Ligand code: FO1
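As a starting point, one isolated chain is supplied in structure tokens, in the form predicted on its own.
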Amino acid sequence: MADERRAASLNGISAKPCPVIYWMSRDQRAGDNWALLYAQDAAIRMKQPLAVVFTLAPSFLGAAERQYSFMLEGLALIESRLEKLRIPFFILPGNPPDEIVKFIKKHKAGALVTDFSPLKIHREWKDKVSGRTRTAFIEIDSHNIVPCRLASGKQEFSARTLRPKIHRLLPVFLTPVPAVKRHPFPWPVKTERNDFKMLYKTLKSDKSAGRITWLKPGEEEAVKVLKNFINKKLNGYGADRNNPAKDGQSNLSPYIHFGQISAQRIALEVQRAGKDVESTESFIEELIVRRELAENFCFYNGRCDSFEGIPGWARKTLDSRRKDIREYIYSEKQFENAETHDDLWNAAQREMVNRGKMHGYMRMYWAKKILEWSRTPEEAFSFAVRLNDRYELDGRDPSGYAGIAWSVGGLHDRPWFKRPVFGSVRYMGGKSIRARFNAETYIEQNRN
């Protein structure tokens, strides 16, 4: 059964006994998907067919070919899974609001179900759809373990303020997810499989960033990566997660970003594993509290992807340091090409460009140095967002925006001792970072 507590009506209209459409967007999987379950429950209750629709925007917030290819290869695998469940899967290229409105009108849909997202662009799309249709429109939070709206009704100050709210609700929401059934009411007309070669041709994404091959997309691959993490890395996660020279992280963030695996499944499997308690607790803190804190930030702050979204105290202190002399100033292209004086920073940039995934600890150092070596904090914020969103597989994500806002603008942090350029925003120095792990090993690993 679907979890009604995860649902939010976007237009207050009741469902009618007509076909049900699940507008898949952020949660690109057939399993452990509360939105798909909700849509199927509604369709079965009304004895109606069910279809899944994905609207493929030709460009999206600076996403490059590497992100589009990872996503489309995953969607091709979803098509096969849904086919076995007698649920047709339509991928519609074009402007998402236009395409979904045309589809629900053409098929006289009785209900439209979609994924929760805190990002402004997704909310704007949904507002446009709500204004152009009289079909019931329901949003389901299947991305967060504790639904974002229920976890808190405001932007939280820090992990310290959100953590107790999350932990209070975890026993209620961290439960196994039922499986989707073979749908009993078939789609009324025969459907053709999606032409992925044609779909690739509709894209306007930048191809110069290149594809990522070391990580394979899809639900099954995500499960393999999770099992490998639990069996080989979880016991050492507490000690190794902040050591960029070691392969101690889960590598699950791209799968979570594209919704190819649910955070709920990850948390349940990690808890069941019975591994080292400290490491398990550390991982769960990152997976649930820290990640859902980023969701909270983007949901309640409409400027989460820009300098204007950082706390007032940070804007004030950075503004007071605008005239400070910068020892080094680099252009966006120099940052992109890893052409700074700092071989450790250059290694982090090359890791992101080559692998599509920078080590989490280095992301903080990377962004803070962009602040230190840019003409203005606004410029630094925009450089970091554009580079992150172009090269990271998990770019254009609340966690990425929150991480940049923490590094550049003190989000979820407190004022520290004042320094040139940074003001009271927390500083990270190269010497102290190098003392925490074998920096030369990390540099050598990312030499080219």
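Just so you know, these numbers come straight off a predicted model, no measurement behind them. When you see a residue number, it is the position in the sequence shown, counting from 1.
Missing here is the form predicted in complex with the named molecule; even so, the following discussion is about that form.
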(request) Choose one stretch from 375-383, 33-41, 416-424, 388-396: the one whose residues place a heavy atom within 4.5 angstroms of the named molecule in the predicted bound form. (result) 388-396
(request) Give a yes or no for K102: in the predicted bound form, does one of its heavy atoms lie within 4.5 Å of a heavy atom belonging to the named molecule? (result) no
(request) Tell me, yes or no, whether Q48 is in contact with the named molecule in the predicted bound form, where a contact means a heavy atom of each within 4.5 Å. (result) no
(request) Decide whether H122 counts as a contact residue for the named molecule in the predicted bound form under a heavy atom distance cut-off of 4.5 Å. (result) yes
(request) Report whether the minimum heavy atom distance between H257 and the named molecule in the predicted bound form is within 4.5 Å. (result) yes
(request) Have a look at I310, M71, L344, A267 for me and say which one sits with a heavy atom within 4.5 Å of the named molecule in the predicted bound form. (result) M71
(request) Heavy atoms within 4.5 Å of the named molecule in the predicted bound form is the criterion; list the residues of 58-74 that meet it. (result) F60, A63, Q67, Y68, M71
